[in-house]
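Next up: a single chain in structure tokens, the form predicted on its own.
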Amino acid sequence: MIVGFGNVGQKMAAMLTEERDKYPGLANLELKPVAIFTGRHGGLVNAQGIDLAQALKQYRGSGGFPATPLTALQALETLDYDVLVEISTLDIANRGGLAMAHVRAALDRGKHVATANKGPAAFAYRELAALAEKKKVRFLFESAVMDGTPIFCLGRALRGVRVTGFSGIFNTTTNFVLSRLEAGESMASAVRTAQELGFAEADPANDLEGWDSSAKTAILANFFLDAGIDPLRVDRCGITGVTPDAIARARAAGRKIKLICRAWREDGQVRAEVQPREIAGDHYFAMINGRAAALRLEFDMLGPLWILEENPDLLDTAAGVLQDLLAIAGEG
């Protein structure tokens, strides 16, 4: 069952249908949706299976699907399916919102979950991971942080190595806007450019105010450090207060301002923050410009490991969801 059929959902559908020949790694992955739900544009329900290519064509042609007698939650509680693909929009204000209810309902029925929605792992990772283990199913969220970069796959592959902390630049919009501010563009103009290029939301508040970064920081802290926190417990400051003067002063000193996400252990507790920080010009983070992202992991028995992502787009995010589905199908 697919819940959410926006840009990521449509890209995933295209990769599995009309673009499939480009991706030989998907050869053994066959999906038969029994339902596809959108937030505001109807849905499709067919217990015998939905033709994904036809559904994509229908959605593009009419801008949506017909209204359905079932809500997504009702369908998750009653229909026969194997996997929930939850790719709806992050809802910070309601602590994960409907996505939380969707994931809980699927796991409680012993169904696997692959989600790009940050809410469930950010607000209830311990609970949902424990429920998945109890029901002997998978709760996977590779696309929740840094798109399809296999961060969590790496974490599950570690043997005997303990992560002690991390830092990173995770939000594409804020990093792009800061790069444009360095070039002399205004905040408003930089945001409009990001929107025109298709990776900033129509309402960019979650990005600019640091909520998206806080959600990603909470997920990483929960997964790697067993923090048991949520985005509301991350010490958060976005970039709306970053002024051209501050950018100019940093540049004159050979430094850059970046929105840095961090978590570390201190006095037996995990602390986490999202803050604009001045970074030395020769630091790796200073080189993360435009739409790029980066993660630095620290370990007890390994030197720091850097993971860099260059200019991600919808393909990367959709690929992360497909990686999770392949893992559930036993292909990874």
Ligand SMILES: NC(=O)c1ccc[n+]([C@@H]2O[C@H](COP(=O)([O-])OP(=O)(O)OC[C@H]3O[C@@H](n4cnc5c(N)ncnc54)[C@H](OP(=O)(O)O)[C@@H]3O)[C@@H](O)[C@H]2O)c1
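What you see is a predicted model, and the numbers here were worked out from it, not measured in a lab. Numbers follow the displayed sequence, beginning with 1.
This protein has a second form, the form predicted together with the ligand, left out of what is shown; the following refers to that one.
- Annotated contacts: R109, Y125 and D230 are all free of the ligand in the model of the complex [non-hydrogen atom within 4.5 angstroms].
- Only one of the listed residues (Q74, N94, T89, T193) places a non-hydrogen atom within 4.5 angstroms of the ligand in the model of the complex, and that residue is T89.
- Note on contacts: among P304, G290, G281, G39, the single residue with a heavy atom within 4.5 Å of the ligand in the model of the complex is G39.
- Segments offered: 159-167, 174-182, 254-262, 139-147. Contacting the ligand in the model of the complex at heavy atom distances within 4.5 Å is 139-147.
- Shown alone here, L16 lies farther than 4.5 Å from the ligand in the model of the complex, counting heavy atoms only.
- When the ligand is considered in the model of the complex, A116 lines it closely, a heavy atom lying within 4.5 Å.
- Contact check for L98: a non-hydrogen atom falls within 4.5 Å of the ligand in the model of the complex.
- Mapping the unseen interface onto this chain, V8 counts among the residues with a heavy atom inside 4.5 Å of the ligand in the model of the complex.
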